[in-house]
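Only one chain comes next, encoded as structure tokens, the form predicted alone.
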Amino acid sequence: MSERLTADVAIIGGGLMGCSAALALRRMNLSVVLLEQGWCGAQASGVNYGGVRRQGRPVVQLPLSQRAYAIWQRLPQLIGSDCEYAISGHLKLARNEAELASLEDYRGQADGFGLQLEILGREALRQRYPWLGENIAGGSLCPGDGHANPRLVAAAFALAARNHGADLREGTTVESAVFDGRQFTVCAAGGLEVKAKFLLNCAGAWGAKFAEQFGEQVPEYPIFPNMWVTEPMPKLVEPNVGIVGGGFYVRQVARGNFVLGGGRGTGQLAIASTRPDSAAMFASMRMACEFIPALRNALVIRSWTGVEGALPDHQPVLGPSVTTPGLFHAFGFSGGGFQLAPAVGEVLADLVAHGATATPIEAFSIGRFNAAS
């Protein structure tokens, strides 16, 4: 059975990027058909750590991140749910003076973006957070950062987009997308054909595959971040905690469980199969226990991973195609897209509706890979 649809905008990918774009476009009264191979938010958007973090981002991402931050403050008005979003702060730890100096340097770079970073020395840090371990030189606190429940956010954006009139097709795998000089024709399994003036490539780890169909080569590769959660424990840790150079990140939710991340799992993109890696998880857990000794008594009750798209320079592809008018990309966020996604949706809607956006995105152009080749 075949079905033919027309819309102003077709979107490939029902993660948080695609769903937030669908909602933003509908709020501009543009018709939208979104095609998702699985369930909306079931891939990277739904299985990540849930950090709503600005601290530590490359400075070039901060204008986009600040736009997203403003949207996070009004989630209930926008999508009808706060998605367990909480401003808890983000604390980045330094193990030695060199790492502490790097945090001070970053504070200088981020000055003017409104992060209000506070550098704390060892004694001040341990006085404020007595649950920390001994081997810490200091840290940087971003009090306005926080976290949300990733299993709720993309689903809530998808529901809001649908309630605003977007046509969301889950379980619909896109097989091809072509441009005839006037409009796009997107063909999906089951005989569905969508014609649209604009096409958004929000396909996550599959984004490079669709870019290639339009002659754009992007060195995207999949990553499989390890995540795990402990049993509920007495409330102890308020901020999200990470460390310079990575290794682990942790937060404690209102129910008392600690959610942790660190290391990489394994997977096969072709069959959408992923598994956490126990050795990498244990290594990260040992590091987390060194800095938060209370975790030594924690019982891990579940672990998981998912697939995300990454790029060699750890910057996403966001913006217009350099080969095809009306095509816009948003993929390859390298594990850092969750906080940015609400703003990414608005930026894509700006580009479709106005041909430009006030948010600087030049650093994320897909053209940087063409220039490199």
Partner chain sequence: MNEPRIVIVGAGPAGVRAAEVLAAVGLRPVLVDENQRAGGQIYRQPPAGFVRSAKQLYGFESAKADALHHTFSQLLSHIDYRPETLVWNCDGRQLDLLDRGQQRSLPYSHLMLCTGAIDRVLPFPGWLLPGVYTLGAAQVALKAQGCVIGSRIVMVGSGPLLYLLAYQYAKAGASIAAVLDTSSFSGKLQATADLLKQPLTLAKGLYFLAWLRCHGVKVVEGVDKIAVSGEQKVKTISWHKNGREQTLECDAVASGFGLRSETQLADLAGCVFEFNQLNQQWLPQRDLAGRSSVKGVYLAGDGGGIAGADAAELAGKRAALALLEDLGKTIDPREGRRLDRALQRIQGFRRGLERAFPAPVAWARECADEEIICRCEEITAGELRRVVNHAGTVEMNRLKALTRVGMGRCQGRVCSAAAAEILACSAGKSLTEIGRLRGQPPIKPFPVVVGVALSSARETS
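Note that this is a predicted model, so its numbers are computed, not measured. Residue numbers count along the first chain shown, from 1.
Note that the form predicted in complex with its partner chain isn't included here; everything after this is about it.
Asker: If the cut-off is 4.5 angstroms on heavy atoms, which of these, Ser102, Ser278, Gln183, Gln268, is the one near its partner chain in the predicted bound form?
Answerer: When its partner chain is considered in the predicted bound form, the option within 4.5 Å is Ser278.
Asker: By the heavy atom within 4.5 Å rule, which residue out of Tyr129, Trp228, Tyr85, Phe214 makes contact with its partner chain in the predicted bound form?
Answerer: The option sitting close enough to the partner is Trp228.
Asker: Is every one of Tyr49, Ser65 and Val344 within 4.5 Å of its partner chain in the predicted bound form, counting heavy atoms?
Answerer: Zero of three within 4.5 Å in the predicted bound form.
Asker: Of the listed stretches (151 to 159, 135 to 143, 108 to 116, 204 to 212), which one has a non-hydrogen atom within 4.5 Å of its partner chain in the predicted bound form?
Answerer: Correct option: 151 to 159.
Asker: So, Ala98 and its partner chain: in the predicted bound form, are they within 4.5 Å at any heavy atom pair?
Answerer: Although its partner chain is absent here, Ala98 would stay clear of it in the predicted bound form, with no heavy atoms inside 4.5 Å.
Asker: Contact between Gln73 and its partner chain in the predicted bound form at 4.5 Å, heavy atoms?
Answerer: Judged by the heavy-atom cut-off of 4.5 Å, Gln73 is well away from its partner chain in the predicted bound form.
Asker: Does Arg286 make contact with its partner chain in the predicted bound form, using a 4.5 Å heavy atom cut-off?
Answerer: Yes - in the predicted bound form, heavy atoms of Arg286 and its partner chain come within 4.5 Å of each other.
Asker: With the partner left out here, check for me: in the predicted bound form, does some heavy atom of Gly41 sit within 4.5 Å of its partner chain?
Answerer: Taking the distances in the predicted bound form, the answer for Gly41 is yes, it comes within 4.5 Å of its partner chain.
Asker: Quick one: name the residues from 292 to 307 with any non-hydrogen atom within 4.5 angstroms of its partner chain in the predicted bound form.
Answerer: Those in contact are Leu295, Arg296, Ala298, Leu299, Val300, Ile301, Arg302, Ser303, Trp304.
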